[in-house]
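In structure tokens, one chain follows: the form predicted on its own.
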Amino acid sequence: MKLCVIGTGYVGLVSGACFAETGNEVVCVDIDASKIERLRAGEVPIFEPGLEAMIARNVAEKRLFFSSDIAQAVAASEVILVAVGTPARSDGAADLQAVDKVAETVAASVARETVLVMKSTVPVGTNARVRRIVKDAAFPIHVVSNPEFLKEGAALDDFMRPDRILVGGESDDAFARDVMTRLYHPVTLSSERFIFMDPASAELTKYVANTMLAMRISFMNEVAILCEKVGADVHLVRKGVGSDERIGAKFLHAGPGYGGSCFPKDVVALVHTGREHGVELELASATDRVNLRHKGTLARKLKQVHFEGDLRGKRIAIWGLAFKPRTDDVRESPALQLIDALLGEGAEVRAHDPEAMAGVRALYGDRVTLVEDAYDAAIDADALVLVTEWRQYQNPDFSRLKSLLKRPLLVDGRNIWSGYGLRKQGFTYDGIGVRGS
């Protein structure tokens, strides 16, 4: 099939590469001509394990192309996927300007009966909004909602082995249903993963799924703080609770708060959607409030527990800047709030991350010292804070760390080191809701 993917951000690049990998001819388009030139030159602007190699392979085999001519790409395609950004406005609503502009361009450019696939995360009612924009096009345009559920760091595997594929469309639209079934056929050979539903339900499902996961995270982070007060261990509480098959163990790990491009934005968007329709989603609102408050936990621990309220002149080492491992994405990362707090208190920050340092450098310039070797961050530091649990941080040389640190203080934002007997090795160890050892 001939596909056009509009938008070369995270969702667009992963979707375009994976659809090319399954045998389609795909052109990824973007209004940013310089970005397209970089992609043509083999420069992939995001880090996602396996993506660069997949893109290179499909470009070489002439299944994947990049263009800034959206109208031409639309005219040549049977299926058009919309993967443009929908950033949050100040009131929490999604900004749909890019979606509207794409719909107008598609309506003016189609040269055959076409399926327009909404992969961008959009609020309820966007499918109907787009259908109104394209209804007078020269050829029929079938609009379907197909939200993505890709995890950064595991996106290629998620695409090729999906938990589910949601398609929201009109119940009597056999043309769109047939096209979408064929499009995803290669990744549904082993089992039936399709869930067909109406557009509003598909749009809402995306927000609800992410909010539900975010809610679990925020709840366990609150429980972790309670554990510290009552002398319990959140690791043991998590195991006890997660062993209930009705609950399960996923997304119950305490940490420094959730970040990334999806959870923070989608939780707020769901709350806004509810208010637009006279429904106050109190649990979703609380989830967002708890997360914002909890992101300050690491800074509060440093200042109030370990440095008697004064961080001026202290050198703090940070391991992990991305919002999660296996990505270079620092959007809404807990590390950024920690850095802001430390700099605001007059502390010096030295940091390391395997992939995300360029993004942090762009934000902070020379206000943060970024080092290429993780251990260099710890040299003469008054504390080392683990924020992102990259594998290379999970079992470090603690003897070396102790020799490098000015003060043997480890603040473990992911509770990865809680079972290593660090206090017996002479460290001051502080996790989130764990007793440690």
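All values derive from a computational prediction rather than experimental measurement. Throughout, we count residues from 1 along the sequence that is shown.
Omitted from view is the form predicted together with nicotinamide-adenine-dinucleotide, to which the following refers.
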Q | Joint contact, Asn58, Arg326 and Asp328 to nicotinamide-adenine-dinucleotide in the model of the complex, by non-hydrogen atom at 4.5 Å | A | no
Q: Look at the stretches 194-202, 254-262, 72-80, 290-298 and give the one with heavy atoms within 4.5 Å of nicotinamide-adenine-dinucleotide in the model of the complex.
A: 254-262
Q) Just one of Met220, Ile165, Leu150, Met357 has a heavy atom within 4.5 angstroms of nicotinamide-adenine-dinucleotide in the model of the complex, so which one? A) Leu150
Q) Of the residues Leu342, Val84, Val117, Ala335, which one places a heavy atom within 4.5 Å of nicotinamide-adenine-dinucleotide in the model of the complex? A) Val84
Q.
When the contact criterion is heavy atoms within 4.5 Å, does Ile6 count as touching nicotinamide-adenine-dinucleotide in the model of the complex?
A. yes
Q.
Considering non-hydrogen atoms and a 4.5 Å limit, does nicotinamide-adenine-dinucleotide approach Asp30 in the model of the complex?
A. yes
Q) Taking heavy atoms only, is Phe19 within 4.5 angstroms of nicotinamide-adenine-dinucleotide in the model of the complex? A) no
Q.
Taking nicotinamide-adenine-dinucleotide as it sits in the model of the complex, is Trp417 near enough to touch it, meaning that at least one heavy atom pair lies within 4.5 angstroms?
A. no
Q. Does anything in 385-402 come within 4.5 Å of nicotinamide-adenine-dinucleotide in the model of the complex by heavy atoms, and if so which residues, in order?
A. none
